[in-house]
Each structure stands twice: as structure tokens, then as C-alpha cells.
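Before any questions on binding or motion, here is one chain by itself as C-alpha cells, the form predicted alone.
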């Protein structure tokens, strides 16, 4: 990607499913090496936003830029090749394969075998539980372990940007803490993170910037600490403190 202060930009994007327009005139800028959260109620368009960025859902108008390059109409495989990985909501691993085999599958478009093995070793250091479970079937892992695996699979393509959709959904509180720490570790390694997360208070704690979607439009945006202190946002999205 060309040099640019923004890893990702959406400019006046409209997107949806058939005649249903979910995103309406959405503009977002994500600085390199930042963690940016996309917040909002159920049905606000958060997951559609990630799917549109990744190419699963085609925008009807507007532009999507990666590092300044227009990628608006690229299919997902080309988005991957441009350095964007996507961790969808829910389980998306190969349950009948081992943890190690899943990580190898994550590198399926790479042809540097030694580099792949080195990256898996690095992931085992970053996520020790994956190293401990390397020979276990993915389908037998706990929810938190599977989430760590899915983030690991996405990292096997050495992405510049990782899109993560609802990583803590349904997890016990102690696992929620582990997942947020893993996201911070991923960002510390130089990867830009775009995070969709229902747990708004925790998401804002680790984010640099955030956008709040309401009925497919950007309702609020700003530095995460400022949004966390905004009384209107606290009442509508963060609950009582």
C-alpha cells in the first residue's frame, strides 16, 4: 500500500443487502497502528460495516481506501492480499483440524514455509494456550481459546489491518479480559485494529478513537476517552457508571 497516514478510509459509503440500505453516507478514517472501535446498538450496521470493508458486501456508492489506494470493489481474496484480515462474529475455524493445522490453513495464500512456521512459533509465544493446545482439535477448545485461535489464524497473513467482529460475545468475564489483552498485544505488534464490540466500556478503554453508529449513520465520533466521558453516550450505550 502507498504511504499514507491512514491505514483505512471510508468516504461517503452506502451499503446493504438488495434493496435494504444499511449503511448511509458513512465516512471513517483509521490512522495507522491505532485501535478504532465501532460501537452502537444491535442492528446499527456495525457488522455490515466490516463486511463492506472486507468486500463481502459491495457498497452501492462511496469509496474504500487502504493506505490511500482505492479498493472499493475488490473481492475478499484481493482484500486479503492487500493486507486486511477479518475475524467474523462466531466460530469460524476448522473444528476437525488441530490448532496447528488451523494456523497453517490461515497462511494458505503464502508460499514461504519457513516464514509460516516462524510465525506460528511467534503466535504460540503470544498466545501460550494455543501452544499448549497445538495438537488438540479446534472444536474441543473453550470459547475463549477458539477466539484466540481465530485471531491467530487472521494474523497468519501478516495483516496491516485486522477487522474483529464481537470477539467477546458470550464469553465469561475472565475470558473477556484475556481477549482484550490479546487485541492490545496485536496492536502493539504494529497491526491496525478495527473492532466491533458490544462491551462498549471495555472497548473504549483500549481504543484510540471510536465511532458510534445509529441506524446506519455515524452519530458520534472522537477520541475514545472523550466519548467515554460523554454523558449522552454514557446514557445511551455505556450504562450507569
Partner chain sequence: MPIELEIFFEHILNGLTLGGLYALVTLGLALTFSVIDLVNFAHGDLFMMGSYTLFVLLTLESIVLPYWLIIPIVIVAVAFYAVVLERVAIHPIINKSWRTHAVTTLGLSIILQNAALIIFTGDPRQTPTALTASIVSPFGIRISMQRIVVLVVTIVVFVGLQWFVRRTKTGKSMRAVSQNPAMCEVVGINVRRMATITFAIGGAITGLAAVLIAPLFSVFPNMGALLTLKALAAIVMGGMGHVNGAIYAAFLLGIVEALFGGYVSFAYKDVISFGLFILVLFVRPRGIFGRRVGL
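Bear in mind the structure is a predicted one, so any value in this text is a computation, not a measurement. Positions refer to the first chain, counted from 1.
Unshown form predicted together with the partner chain; subsequent notes refer to it.
Would residue 56 count as a contact of the partner chain in the predicted bound form, using a 4.5 angstroms cut-off between non-hydrogen atoms?
Answer yes; at least one heavy atom of residue 56 falls within 4.5 Å of the partner chain in the predicted bound form.
Residue 82 versus the partner chain, in the predicted bound form: is there a non-hydrogen atom within 4.5 Å?
So residue 82 does not count as contacting the partner chain.
Verify the contact flag for residue 131: yes if a non-hydrogen atom of it lies within 4.5 Å of a non-hydrogen atom of the partner chain in the predicted bound form, no if not.
Residue-level check for residue 131: no, no contact with the partner chain.
Given that the partner chain is not shown alongside this chain, does residue 142 nevertheless sit within 4.5 Å of it in the predicted bound form, heavy atom to heavy atom?
No, residue 142 stays farther than 4.5 Å from the partner chain in the predicted bound form.
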